[in-house]
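One chain comes next, on its own, written as structure tokens: the form predicted alone.
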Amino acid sequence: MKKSELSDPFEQARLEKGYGEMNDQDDPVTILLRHKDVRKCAHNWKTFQSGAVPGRIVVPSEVNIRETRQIPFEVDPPMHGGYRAIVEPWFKRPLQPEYQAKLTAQIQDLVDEVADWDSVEVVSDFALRLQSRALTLLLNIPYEEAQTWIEWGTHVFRSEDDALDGSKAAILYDYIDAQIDKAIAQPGEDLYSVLLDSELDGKKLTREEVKGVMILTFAGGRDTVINAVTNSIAYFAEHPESLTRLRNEPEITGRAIEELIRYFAPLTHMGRVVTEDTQVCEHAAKADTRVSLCWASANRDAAVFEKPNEVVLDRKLNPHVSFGFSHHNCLGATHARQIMNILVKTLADKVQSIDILASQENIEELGEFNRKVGFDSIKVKFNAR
């Protein structure tokens, strides 16, 4: 098995019964595995709720490390639509030519820098730096601030010994509080200031609401972007013909990005809280229990995708759910797609091949399933064209 391959640990359970089970901090979760069930439940917000106790819809649950509600992620309609209308125009800015030009310069500079190195640790020395620097554009704050976030390490809520570390999380919360204070004292054109000046139903957003949006922005786009970037580089290392093809057929780049995001599914799943006794996959789900919408399993459903366990760069029909589905479709999807699009084009233009020198897999334990989500570490050598 190649290092870049991600197997599908959900396949047998998806075919046989459509769900799996896991115990998450004594708050059990039913994991929904089929594409149709995942999409159906994601759309049915009345029965499968996002607006539960803050942190409970995340798997693993974050109820013990935060009280702030992430917005609009942990809010249901109709209020969700009001928050979304405030923030969505801001998160569509990556479509602007000026934004794309700045992001292109950042990524090209980073690729040029590491192309001269004998060894690059992709997770910490490439993907984390790329993600953090790109985030300065999304927040519209000085480029230099990225260094602060890089120094936090790869994960926002996770330390080396603990998958949920309250002390690590407090670093982010304290940082955001300080930035909100700064924006209140001296408003600018950054996201903090824009949110503080925004209104919902005729009332300015509260400090807690602003903090909720910012926590989501920092946490939601960190591990996911790092996983997408790292896994794609590993794939191109073991499939150099793919880089050649993208260089010669740039018109398929958009489809290739969607396919890489489908195959690698940077976020395995996301939870919902059941509001009433119901059934999913002919399995009883009691009120106030949790289900998870397993994006990674849905993306490998052979009932929907031909050759689901292969990367088909020019896949034409690709209803993947890596960015979620329905009203909770990922706010950062436009930003993430631009990062991947520019990165792939830059690698195709500047890199002839990539050698994997060493790697250590990152495995998620999900009850009966163990899923490789990427790498804790992978060292490579970029060979410039």
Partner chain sequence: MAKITFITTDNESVTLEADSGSVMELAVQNNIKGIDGDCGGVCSCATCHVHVAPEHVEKAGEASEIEKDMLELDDNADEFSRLCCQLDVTDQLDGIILRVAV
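Residue numbers count along the first chain shown, from 1. Since the structure is predicted, the reported quantities are computational estimates derived from the model, not experimental observations.
Heads up, the form predicted in complex with the partner chain isn't pictured, but that's what we're talking about next.
Triplet 10, 17 and 300 all within 4.5 Å of the partner chain in the predicted complex via a heavy atom = Per the other structure, none of 10, 17 and 300 touch the partner chain.
Choose one stretch from 62-70, 48-56, 341-349, 34-42: the one whose residues place a heavy atom within 4.5 angstroms of the partner chain in the predicted complex.
-> Selected stretch: 34-42.
Does the partner chain get within 4.5 angstroms of any non-hydrogen atom of residue 209 in the predicted complex?
-> Because no heavy atom of residue 209 falls inside 4.5 Å of the partner chain in the predicted complex, the answer is no.
Touches the partner chain in the predicted complex: residue 79 (any heavy atom, 4.5 Å) = Residue 79 lies outside the contact set for the partner chain.
Contact of residue 304 with the partner chain in the predicted complex (heavy atom, 4.5 Å) | Yes.
Would you please decide whether residue 255 lies within 4.5 angstroms of the partner chain in the predicted complex, comparing each non-hydrogen atom pair?
-> The answer is yes: residue 255 has a heavy atom within 4.5 Å of the partner chain.
Consider the chain as shown here, without its partner, and state which of 222, 290, 315, 133 has a heavy atom within 4.5 Å of the partner chain in the predicted complex.
-> Selected option: 315.
Scan 337-351 and write down, in order along the chain, each residue with a heavy atom lying within 4.5 Å of the partner chain in the predicted complex.
-> The stretch 337-351, when checked against the partner chain in the predicted complex, contributes only 337 at the 4.5 Å heavy-atom cut-off.
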